[in-house]
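Single chain ahead, written as structure tokens, the form predicted alone.
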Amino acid sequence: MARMTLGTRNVSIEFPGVKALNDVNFEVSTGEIRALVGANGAGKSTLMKVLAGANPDYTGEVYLNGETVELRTTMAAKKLGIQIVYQEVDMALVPTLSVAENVMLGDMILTADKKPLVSWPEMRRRAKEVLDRLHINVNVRTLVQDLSLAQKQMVLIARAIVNKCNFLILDEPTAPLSDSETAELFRLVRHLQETENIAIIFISHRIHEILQICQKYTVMRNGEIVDTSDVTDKTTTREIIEKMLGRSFEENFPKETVPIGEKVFEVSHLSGADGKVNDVSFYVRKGEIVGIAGLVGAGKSELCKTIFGAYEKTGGTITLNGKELKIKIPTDALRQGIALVPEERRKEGVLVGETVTFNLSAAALDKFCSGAFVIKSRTEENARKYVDSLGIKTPSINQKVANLSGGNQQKVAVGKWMAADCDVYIFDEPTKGVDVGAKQDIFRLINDITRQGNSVIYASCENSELLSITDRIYVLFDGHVMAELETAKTGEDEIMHYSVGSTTQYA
């Protein structure tokens, strides 16, 4: 197969107050799996959006096989065989349409006589053809809203290659996936590389996965490329992280010792979320961090949202400081001292069309009001406080959250609840899609919360994080609590033993 190259020469982009890309020279070839890594705000997504035609205001050149091309629209990029699959897959799909309709969304399949009528049999045939070619086992008649996150991602990849795709960009593709789903994605990526001769550009913060799947990695820092190296047997996670940060990195964030007091929060025999939470009981003490462990689909997010009133509770009780709480909607939870930082930050955690200042005050607007009026100086003072304490990288507190990197959006999602001064903070996958530096900032913030005498529930698939930061861990499987573990006396093996549904005692 003919080898094709895609690259940039001295590409730069400036946003108000910040240079997002600075004279970037980058090149990738078909038949290659290339990782693109860097801390949040390093310029990874900005560079990839240039290649995908979604950042038209760049200076410098983009070239294909040595010839300069103009990538000022996504359509121009697609015509040249360049496609991108973003991390937020739900925002790129139409949930009420079928798999076939979503796969073929960019192509109108007309009837044989070219009348403006869709040929549904032909649409389904072509969609099934591409899914079969990629060995993706999904019924083309299924509504996308009924698919798992992993299946939705596969649908987007199938859509990308319906037309000839030579360069496929995957933005944090494994962030929402279980181990088995990640293995299936890797199978598909290798198939695209070996059989379809496609170049895969793999943006990820999961360095151990990069070592498994990629042949090369490119490191960005502060809008510049600082290194491109081969992945070899001697390449280590620490080596890549230190290139990302430009300094040495301590892998485990030490949990601070905080006095743990009496029991303040208790969930008893809780059920709900359409059967995804089943008879769950646990408690949290003052100053304690309690982990909720489990594989993807175990019911962690559903448990968090049921406590917070986002999902219906069908049984059980929730008690705070000895008082049973009546929570029907999230406003009830917030009013009674419970905060939730949700997993899907763009959909549920922040208002991307609003400013950093607005978002950081949104959960406690009454604190910044005089009568019916919001006092601007108070919201700005609050914003500056949390931008500083959380290390939020933004050119201005008036910057729209949509223009921040993923890790900084997550910090805003966390920061808005800090102003609300709650008793119990629930974190649902708080480090999903953020770099190691931002992860340290979030851990530091959680330690600060407990130091102030508040309590934390920390739900995560990342067992290493749970072991670093929690005091106790409850393991979920299929919506049930399988075990309660003392963090200091357990390890990843025991957590996994119960995560897969084992009912026998771990030996």
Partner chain sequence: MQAKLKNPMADKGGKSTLRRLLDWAAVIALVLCFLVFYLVKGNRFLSVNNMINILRAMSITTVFAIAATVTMAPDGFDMSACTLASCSAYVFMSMYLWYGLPLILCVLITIAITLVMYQLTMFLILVCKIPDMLATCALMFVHQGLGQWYIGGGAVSTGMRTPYGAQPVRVKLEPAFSAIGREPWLIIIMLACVLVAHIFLEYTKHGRFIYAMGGNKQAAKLSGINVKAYRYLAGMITAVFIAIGGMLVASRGSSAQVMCCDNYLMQALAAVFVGRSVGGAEKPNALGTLIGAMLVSTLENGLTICAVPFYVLPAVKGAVLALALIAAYATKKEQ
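From a predicted model like this one, the values you see are computed outputs, not experimental measurements. Numbering follows the first chain given and starts at 1.
Below: the form predicted together with the partner chain, not depicted.
Visitor: Give a yes or no on whether each residue among Pro121, Gln151 and Phe167 has a heavy atom within 4.5 Å of the partner chain in the model of the complex.
Guide: Contact check failed for every one of Pro121, Gln151 and Phe167.
Visitor: Would Thr331 count as touching the partner chain in the model of the complex under a 4.5 Å heavy atom rule?
Guide: Judged by the heavy-atom cut-off of 4.5 Å, Thr331 is in contact with the partner chain in the model of the complex.
Visitor: Within 4.5 Å, heavy atoms only: does Pro342 come near the partner chain in the model of the complex?
Guide: Answer yes; at least one heavy atom of Pro342 falls within 4.5 Å of the partner chain in the model of the complex.
Visitor: For Pro395, is any heavy atom within 4.5 Å of the partner chain in the model of the complex, or not?
Guide: Although the partner chain is absent here, Pro395 would touch it in the model of the complex, with heavy atoms inside 4.5 Å.
Visitor: Even though the partner chain is not shown here, does Ser405 get within 4.5 Å of it in the model of the complex, heavy atoms only?
Guide: Ser405 belongs to the contact set for the partner chain.
Visitor: Taking 4.5 angstroms as the heavy atom distance cut-off, pick the stretch from 138-146, 405-413, 186-194, 211-219 that is near the partner chain in the model of the complex.
Guide: One stretch meets the cut-off, namely 405-413.
Visitor: Scan Met75, Val374, Met91, Leu117 and let me know which has any heavy atom within 4.5 Å of the partner chain in the model of the complex.
Guide: Among Met75, Val374, Met91, Leu117, a heavy atom within 4.5 Å of the partner chain in the model of the complex occurs only for Val374.
Visitor: Exactly one residue in Val162, Val258, Leu177, Ala310 has a non-hydrogen atom within 4.5 Å of the partner chain in the model of the complex; which is it?
Guide: Of the listed residues, the single hit is Ala310.
Visitor: Mind listing which residues of 361-376 have a heavy atom within 4.5 Å of the partner chain in the model of the complex?
Guide: If the 4.5 Å heavy-atom criterion is applied to the partner chain in the model of the complex, 361-376 yields Ala362, Ala363, Leu365, Asp366, Cys369, Gly371, Ala372, Phe373, Val374.
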